[in-house]
Each structure stands twice: as structure tokens, then as C-alpha cells.
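Just one chain is shown here, as C-alpha cells, and it is the form predicted alone.
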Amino acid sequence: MPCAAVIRFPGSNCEFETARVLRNSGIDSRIYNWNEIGRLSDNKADAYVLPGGFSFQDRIRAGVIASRENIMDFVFEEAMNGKPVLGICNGAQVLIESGLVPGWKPGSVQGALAGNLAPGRSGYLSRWVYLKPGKEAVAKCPWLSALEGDAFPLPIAHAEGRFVFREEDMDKVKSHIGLTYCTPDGSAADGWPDNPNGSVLNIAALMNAEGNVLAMMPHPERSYHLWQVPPDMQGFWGDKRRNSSLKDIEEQPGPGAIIFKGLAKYLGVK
């Protein structure tokens, strides 16, 4: 059975549910602390996940301290060797600060996740959003390989999720888009509320050039089960939740399962 390593930093708070949904997807998972680089290097995984949370209390900038930890040097090397790496929310911030995405010059920080821009409010925002994959994402990214192009919902929960880049890099960014915010019918988001944080080009997830590293702000591990979908959600997933029996709601997978199904497929899980 393939194995994924979930890296826990001080302040991570999504490591257990992330490890659990990986196991539910047919992938063995183990949690490694930020200071267990020796244990991790002795047990190399087939994939690596940086979970959500508030590593090192988001001091200085979200993800920046965690990105300087020695264990990230190991993750960096594994990513350069083609291993799938996923950063969720705070994990995405760590990947940006590590220079793994967009990765034009690996190790060099070439983008940022800035504070949310939303009318009449600032800071932390938790809600559901709709997403669709970028043009090259399904073919290039193991984590997105099970998507079919339709809009699907996932929850967000962050204060610094707005992807920003230098103006001269904007054209290059387009080929690195993993997921974009959209309307329930799949149309491009036109500002708030479909784009919840003001991210440029409606970017919700960004990948490196090879596609094996994905930094995403939405939380697939918090929507792995159908019962986690709000009953009033629009579109296919809301209809499925409302029209399912109580037993089906408890047992059926939710939209977040698609992300982990993609990795399982890539790693040969049957």
C-alpha cells in the first residue's frame, strides 16, 4: 500500500483528519513532527501533505517560519524528485514561502498569499466556495487528476489566501493555475462573493510547472464526506445531499474526496 507523510508543525490543526481521509482513500498515512526529519528520511513516503492550521502562530507571515524548518529541505528534495506534494491552506502558505510554487526558480519566493479582500470586512473568513480546475491542471497534477471539469464546492477558512504576483509574471502564472473560484454553474467568478478573497485570476490553487506540487487554499479534508456538505448547497452536491437517504449521507463520499481519489489513482490504488 502506498504511504503519505503528513507534516505537523507547531500550530497545525488539521493533521488528524488529513491522515484519516488519506487512509480512507486507500493510502497509508503517518504523521511526522517538524523536528523528525531523521525519522522521515528513514521512511520515505510516496507523497507528502502539509495540513492546515496556524504554524508557529502565523508570526511574521503565514507559513514563513515553517518554510525555514529543516524538514522542508527534505520535502523540497522529494518534490524535485517528482513526489506528489500537497499544501492545504496553511500548508499552501508554507509551499509559497518555500519557493516550491509556482517554482519558476525553485527555492525562490515568487508569489505571496496576502490578506483577504472582502467588502466590509477583513481578516479570517470561513465559508463554502465553488471551484473548477485550470486548463492544464487535470492532465498535469496528480491531486486534480480525478476532476472532470465541472464546478464543485469546498470550504475555505483563512485570513491570508489572496494569491498575488508581480505584474510582469502574470502571463506565466496562467499555466500554473490548479483551481479557480467560480460560480455554482461554473462561470468565472466576477469578484465577491464567488471570489472570496480577491485572489488574482480567481486563483484558489497553484501548482508548479511539473504539476506534482499543489498549493490550495480550500480544505478538501473538511468535505471528504457527503454529510459535511451543507443541506442548502446549490448544484450537484447540494442536490445529492438533499436527495440521499440518511444512510447514504453518512456513507457516501463528498466533493473533497475527489482530490484524494486523484492521488490514489496516481499511486496505483485499486
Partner chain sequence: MSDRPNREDLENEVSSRHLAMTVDEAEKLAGYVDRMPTPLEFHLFDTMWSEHCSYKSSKPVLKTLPTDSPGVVIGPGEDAGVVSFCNHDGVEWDLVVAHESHNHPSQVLPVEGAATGIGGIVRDVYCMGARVTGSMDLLRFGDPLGKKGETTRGIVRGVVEGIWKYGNALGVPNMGGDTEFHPGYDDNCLVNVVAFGMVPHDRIVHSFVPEEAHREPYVLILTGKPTDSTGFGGATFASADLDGEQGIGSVQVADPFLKRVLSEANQAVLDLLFGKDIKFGFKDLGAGGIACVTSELAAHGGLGIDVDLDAVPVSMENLPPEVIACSETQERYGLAVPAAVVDEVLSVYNDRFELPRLFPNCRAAVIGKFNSKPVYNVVCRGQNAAATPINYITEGVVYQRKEHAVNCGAPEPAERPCNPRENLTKILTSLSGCSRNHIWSYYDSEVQGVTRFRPGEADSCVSVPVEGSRAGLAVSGDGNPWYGELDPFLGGAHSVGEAVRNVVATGATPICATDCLNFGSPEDPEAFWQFKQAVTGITEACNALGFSGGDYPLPVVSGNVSFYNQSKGGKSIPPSPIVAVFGKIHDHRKATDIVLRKQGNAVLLVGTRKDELGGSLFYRTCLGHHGGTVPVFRGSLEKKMADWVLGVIHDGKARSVHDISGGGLAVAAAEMALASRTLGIQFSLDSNPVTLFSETPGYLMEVDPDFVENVTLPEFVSVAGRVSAGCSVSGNGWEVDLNSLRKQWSDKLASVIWREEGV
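Numbering follows the first chain given and starts at 1. Nothing here was measured: the structure is a model prediction, and the numbers come from that model.
There is another form of the same protein, the form predicted together with its partner chain; it is not shown, and what comes next is about it.
#### Entry: Non-hydrogen atom contact F163 with its partner chain in the predicted bound form at 4.5 angstroms
Taking the distances in the predicted bound form, the answer for F163 is no, it never comes within 4.5 Å of its partner chain.
### Query
How about K135: is it within 4.5 Å of its partner chain in the predicted bound form, going by heavy atoms?
It does not: once its partner chain is placed as it appears in the predicted bound form, K135 has no heavy atom within 4.5 Å of it.
### Query
Do K105 and its partner chain come within 4.5 Å of each other in the predicted bound form, heavy atoms counted?
No.
### Task
Consider R121 of the chain shown here, and say whether it contacts its partner chain in the predicted bound form, taking contact as heavy atoms within 4.5 Å.
Although its partner chain is absent here, R121 would touch it in the predicted bound form, with heavy atoms inside 4.5 Å.
### Query
With the partner absent here, would P10, N13 and F54 each sit within 4.5 Å of its partner chain in the predicted bound form, counting heavy atoms only?
Yes: each residue has a heavy atom within 4.5 Å of the partner.
### Residues from 210 to 233 in contact with its partner chain (non-hydrogen atom within 4.5 Å) in the predicted bound form
R222, W227, Q228, V229, P230, P231, D232 sit within 4.5 Å of the partner.
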